[in-house]
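Take a look at this single chain, the form predicted on its own, given in structure tokens.
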Amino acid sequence: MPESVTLQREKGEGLYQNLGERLKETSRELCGIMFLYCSAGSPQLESLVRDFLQHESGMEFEVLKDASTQTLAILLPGLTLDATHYQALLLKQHLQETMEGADPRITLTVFPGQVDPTPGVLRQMAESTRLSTSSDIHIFTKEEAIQEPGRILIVDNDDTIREFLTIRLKMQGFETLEALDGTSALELIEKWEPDLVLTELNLYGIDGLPFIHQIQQLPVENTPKIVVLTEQRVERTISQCFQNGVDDYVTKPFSPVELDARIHRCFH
């Protein structure tokens, strides 16, 4: 592995997707991973981490960076959980000694293990690191991974609505994809297998109840839950949607907080 790689988030390929693919490729080999975040921030943080690992440990490693949050992901191939934890302790002490006001937050685990390295789990680890209020090194567990929010496909022909929903849902840890119309949505559902489809009824091509019916007929292992987010307020339409297996129905304009609650209720 190269010593350091900095990845900028690009459309269609992010840090966590990249990490998940790397870890799946080496799924038979132990690999420790830790996420590191320093609220004080420092342009030198990445180089300090790289230099420490290179000169102090002499082990193989890779450092990646989420440029949007300044969170680092550190891969340590071949290390057990205990060995990864020990390196985290040494790194934490080093940063506290070399960075003024450093208060590093670290979350770690080992793959393969009890947790699968999905992009959602990896993003969840990074977010728990950044939002942590404790200076103790945190070992990520299977129980926490079970709480992973999941995948949501957003289907709407309104660019503004899709962008708003994508940003809001990603901030909550959800994996998201977007579709402009019913036909492309059906293709994505079959390939990506989302946990939930958040959809408008007024779509190009196939739409409305036929679209809902088509979703439920797809040959996927788990049929996604369906939340309708639409301008249609006709009581008959609402009733027919629920009769056809829709999990919830929200009308536009909508309260983002209420929509959040409705979506989270579908996952629990």
Partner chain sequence: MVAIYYVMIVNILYFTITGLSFRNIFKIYRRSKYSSYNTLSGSELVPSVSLLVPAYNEELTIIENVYCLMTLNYPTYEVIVINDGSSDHTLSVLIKEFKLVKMVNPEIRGTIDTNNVRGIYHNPDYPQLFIIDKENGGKADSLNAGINFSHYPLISSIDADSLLEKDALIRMARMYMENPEEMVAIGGDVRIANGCLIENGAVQKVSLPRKIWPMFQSIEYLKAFLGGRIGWSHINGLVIVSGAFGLFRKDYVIAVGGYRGGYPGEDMNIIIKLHRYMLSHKLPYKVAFCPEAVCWTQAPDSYKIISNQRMRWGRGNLKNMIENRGMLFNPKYKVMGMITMPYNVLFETLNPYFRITGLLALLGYTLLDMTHWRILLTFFLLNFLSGYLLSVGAIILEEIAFRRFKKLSDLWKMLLFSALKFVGYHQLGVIWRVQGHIQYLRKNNSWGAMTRQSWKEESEPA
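All of these numbers come straight from a predicted model, not from anything done at the bench. Positions refer to the first chain, counted from 1.
Beyond what is shown, the protein has a form predicted in complex with its partner chain; the following relates to that form.
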Heavy atom of each of 25, 46 and 77 within 4.5 Å of its partner chain in the predicted complex: no
Its partner chain contact in the predicted complex: residue 55, any heavy atom under 4.5 Å: no
Interface membership of residue 204, its partner chain in the predicted complex, 4.5 Å heavy atom rule: yes
is_contact(residue 181, its partner chain) in the predicted complex, heavy atom dist at most 4.5 Å: yes
Contact label in the predicted complex: residue 209 to its partner chain, heavy atom within 4.5 Å: yes
Segment that reaches its partner chain in the predicted complex - one of 230-238, 31-39, 60-68, 47-55, heavy atoms within 4.5 Å: 230-238
